[in-house]
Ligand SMILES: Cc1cc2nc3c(=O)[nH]c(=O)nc-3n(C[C@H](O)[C@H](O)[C@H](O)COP(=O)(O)OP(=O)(O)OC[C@H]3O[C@@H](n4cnc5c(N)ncnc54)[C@H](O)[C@@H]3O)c2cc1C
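Form predicted on its own, single chain, as C-alpha cells, below.
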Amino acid sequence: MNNQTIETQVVIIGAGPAGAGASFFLSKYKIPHVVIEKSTFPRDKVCGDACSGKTALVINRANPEWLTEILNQSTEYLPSWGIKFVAPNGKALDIPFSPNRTEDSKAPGFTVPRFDFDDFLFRKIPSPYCTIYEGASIESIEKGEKVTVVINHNGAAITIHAPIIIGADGDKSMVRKKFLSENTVPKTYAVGLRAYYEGVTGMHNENFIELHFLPEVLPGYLWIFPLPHGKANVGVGILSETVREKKINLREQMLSAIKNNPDIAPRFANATLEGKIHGCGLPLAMERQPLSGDNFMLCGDAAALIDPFSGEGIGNALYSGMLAAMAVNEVLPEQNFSADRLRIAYDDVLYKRLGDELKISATLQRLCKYPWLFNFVVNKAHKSPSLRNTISCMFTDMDLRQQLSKPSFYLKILFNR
C-alpha cells in the first residue's frame, strides 16, 4: 500500500451541508484544508428535504451566484412560502414565511431531495485551497500537538496532520466519540422515518410544508413536505424516550395514520410509496452542550443542532459550518487551538446567534405534550386574523417568537387581549 503524508491547516470529516459550509468559507479565507468523505456523491441522506431561509442565507454569503442558480431552477428546487400546522383536533393553521412579501420577493425556503441538494453542495466545494478525498475510509484519528487522521483512499494510506479538525460527520460522529467523553445525550435524541410518495393530493398552492401534530405521535409529529415533480416527502419524528416508554412501532404508526386518519387518509387514496421507508437518528438541540475542545469543533448533526420544534437540520448545519470556518480564521493567526479559545470563537458565537431560537424551540417542543394547548391556540387563531398575523410574524421575529414560550401569551389569548 502506498503511503502519503499531508500537512494542512484544517481537516474536515464529512462533506454534507455542515462540512460543505465549513469548506466554502475556509476557501473564502484562503485557508488550506482537507475534506474527507466516506461516501461517493451523489448519495442519499434520510431527511425531511426542507431548506429554510437560513440555508439560503449561508449559500448567498458563500456565493450569490449559487443561490441564483437554485432560485432559477424552480422545477428542481421547489419554492416554499410557508408552513402549515395541524393541531391534534385536525384544525390547520397556515403560517406564511413572508407575511409582508411583495411581487418581487423570492421564496425564503425551498424543498429538494437531499440526494440532489447535497450533491449540488459537494460540487461547489473544489477550490485551490481544498483537497477532497471522496470514498475514503478513516483508519484512525489521534491527537497530540496536532490532530492526525489516517485514511484509506483507493488502496493508498494517507496520513493528514492539521492543528484543527472539524467534525461534520453526522449523528454517529467519529470525531465526537473521539474527543468528547460524553458523546451522546440520549434525552436530546429523537428518531424519524422518511418515505417518498407520489400522488399525494391536497398540497398547498404555495408549497407550504406541513406538520401534523397527531395525538398518537405527540410530542412528535407527522410531516408532509411537497417535492419537485409532484412527489412528497412523508415522515414522522418522535422523541426516543417516548418510543421506548410507549413501545411504539414507528413504521406501523406512520402507515396507520396515512391509512386511517380522517384528514390524511383521503389524500393518500391514490398515492404510491416509492422505495423503502428509511429511519434516522435526530440529535436535537434541547440544551447547550460543548461544541468544541482542544483542536476540534463539531458542526451540524455531530453537534446535535437540529431544531427541537421544526426539525430543521440543513440550515443549522450550513450555518454552523460557516461559523466554524470563521472561528478558524480568527484563531489561526494566534496559533491558539485550545478548548478555551475555541469555545469563545465558536461555541459562544453560535449560541449567541442561534441559542435563543433553539431554546424557544425546545420549550415549544415540550409544550407539544399538551394537545389541549395546541388545540386552544389554533382554535383561537381561526377566529382572530390579528392572532394569525402575530403567530406568522413570530416565525421571522425572534423577540415575538419568544412570547410563544411564556404562559402570559396564552392567558392573553384566553381573555382576548
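Just count from 1 along the sequence shown to find any residue number. Quick caveat, the model's predicted, so the values are computed rather than measured.
What follows is about the form predicted together with the ligand, which we do not show.
Contact check for D347: no non-hydrogen atom falls within 4.5 Å of the ligand in the predicted complex. At a distance threshold of 4.5 angstroms between non-hydrogen atoms, V243 is out of contact with the ligand in the predicted complex. Remark: I166 does not count among the residues lining the ligand in the predicted complex, judged by a heavy atom distance of 4.5 Å or less. Residue contact with the ligand in the predicted complex: K178 places no heavy atom within 4.5 Å of it. Note on the partner interface in the predicted complex: the residue among G293, G170, P108, P88 having a heavy atom within 4.5 angstroms of the ligand is G170. Interface residue among I224, L342, I83, L282 relative to the ligand in the predicted complex, by the heavy atom within 4.5 Å criterion: L282. In summary, the region of this chain contacting the ligand in the predicted complex, judged by heavy atoms within 4.5 Å and restricted to 360-368, 375-383, 62-70, 31-39, corresponds to 31-39. Residues I36, E37, K38, S39, F41, R43, K45, V46, C47, G48, D49, A50 are the members of 28-55 with a non-hydrogen atom no more than 4.5 angstroms from the ligand in the predicted complex.
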